[in-house]
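Presented as structure tokens, the chain that follows is alone, the form predicted alone.
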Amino acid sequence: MIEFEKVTFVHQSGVKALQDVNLRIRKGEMVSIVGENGAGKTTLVKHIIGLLKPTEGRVNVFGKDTRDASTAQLSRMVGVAFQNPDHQLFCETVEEEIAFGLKNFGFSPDVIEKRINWALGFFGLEKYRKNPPITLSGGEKKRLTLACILAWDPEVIILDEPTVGQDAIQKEKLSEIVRMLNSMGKTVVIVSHDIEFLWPMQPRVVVMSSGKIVADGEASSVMNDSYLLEKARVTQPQLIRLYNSMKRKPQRPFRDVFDAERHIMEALSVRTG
């Protein structure tokens, strides 16, 4: 569905941001892209919707070569919430912001109204319906960009640093949204430094460093490779570090805090029983 074939991208300044990238993302996958600042993560995402075109190689999205497709055509299939929401918000009110994409994609007025109401309610933005987006907090702007995207229901949802500015409750809600979308067969790609947010969802993990993909696999395998992560300057999840520090381990690393708590309580009950 999304395929990078030997993609290299060189900025006008001469900086090589991607180097010989090969990547295939299949329909219905949940994929996280991790790596330090400047690793090439956002550059890679911009190639998926045609904002950037490969200097060498080819990017195919739903069978379309992105060099031959407009960003508008690709955006109907692929929705992206970028790291800085101010780069995506430009309408006078919150409801107009959500309606903008729906109108451009040809939805009928009654459908547009229903989807606006759903998006405002789902993301807790109803009270800001008539407010200018510029007056929202950073976290609220993040939720608005996601509301705009989900309103038109694309096949692929890309989230670039979605947890920045979000409190613990909103992070949990976002995690539930990602799981829900994935269970519905949507393809979800998450670019994030927030390893603790990613780990419980157990996505496929793609590690980038200096414009290259240096690892690609299941979270349980990639995130347990401390040498690889240290070299790519990616933090290992705390639950894996806890797991590796234990003398008596379960068969696999803890998936979430509840999993860890359950194992520890069972171990204590055996000792005191």
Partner chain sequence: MALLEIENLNFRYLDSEREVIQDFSLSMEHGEVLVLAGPSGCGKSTLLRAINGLIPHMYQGEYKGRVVVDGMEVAKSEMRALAQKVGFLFQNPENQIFMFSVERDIAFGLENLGIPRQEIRERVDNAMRLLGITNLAKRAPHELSDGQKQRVALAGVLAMDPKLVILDEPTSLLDPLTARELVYAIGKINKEKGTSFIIVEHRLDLVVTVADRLAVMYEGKKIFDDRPEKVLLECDVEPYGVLVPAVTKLQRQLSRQGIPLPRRLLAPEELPVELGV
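In this text, the rigid core denotes the largest set of C-alpha atoms whose superposition between the two forms falls within 1.5 Å. Positions refer to the first chain, counted from 1. Since the model is a prediction, treat every value here as computed from it, not as a measurement.
There is another form of the same protein, the form predicted in complex with its partner chain; it is not shown, and what comes next is about it.
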item	value
Partner-proximal stretch of 98-106, 67-75, 117-125, 190-198 relative to its partner chain in the predicted bound form, 4.5 angstroms, heavy atom	190-198
Contact check for 63, 173 and 180 against its partner chain in the predicted bound form, heavy atom at 4.5 Å	no
Sole residue of 166, 202, 131, 88 within 4.5 Å of its partner chain in the predicted bound form, by heavy atom	166
Contact of residue 56 with its partner chain in the predicted bound form (heavy atom, 4.5 Å)	no
Non-hydrogen atom contact residue 93 with its partner chain in the predicted bound form at 4.5 angstroms	no
Distance check, residue 238 to its partner chain in the predicted bound form, heavy atom within 4.5 Å	yes
Partner proximity in the predicted bound form: residue 233 to its partner chain, non-hydrogen atom cutoff 4.5 Å	yes
Contacts with its partner chain in the predicted bound form - residues in 128-144 whose heavy atoms fall within 4.5 Å	none
Per-residue C-alpha change between the shown form and the other one, residue 264, threshold 2 Å, rigid core fit	yes
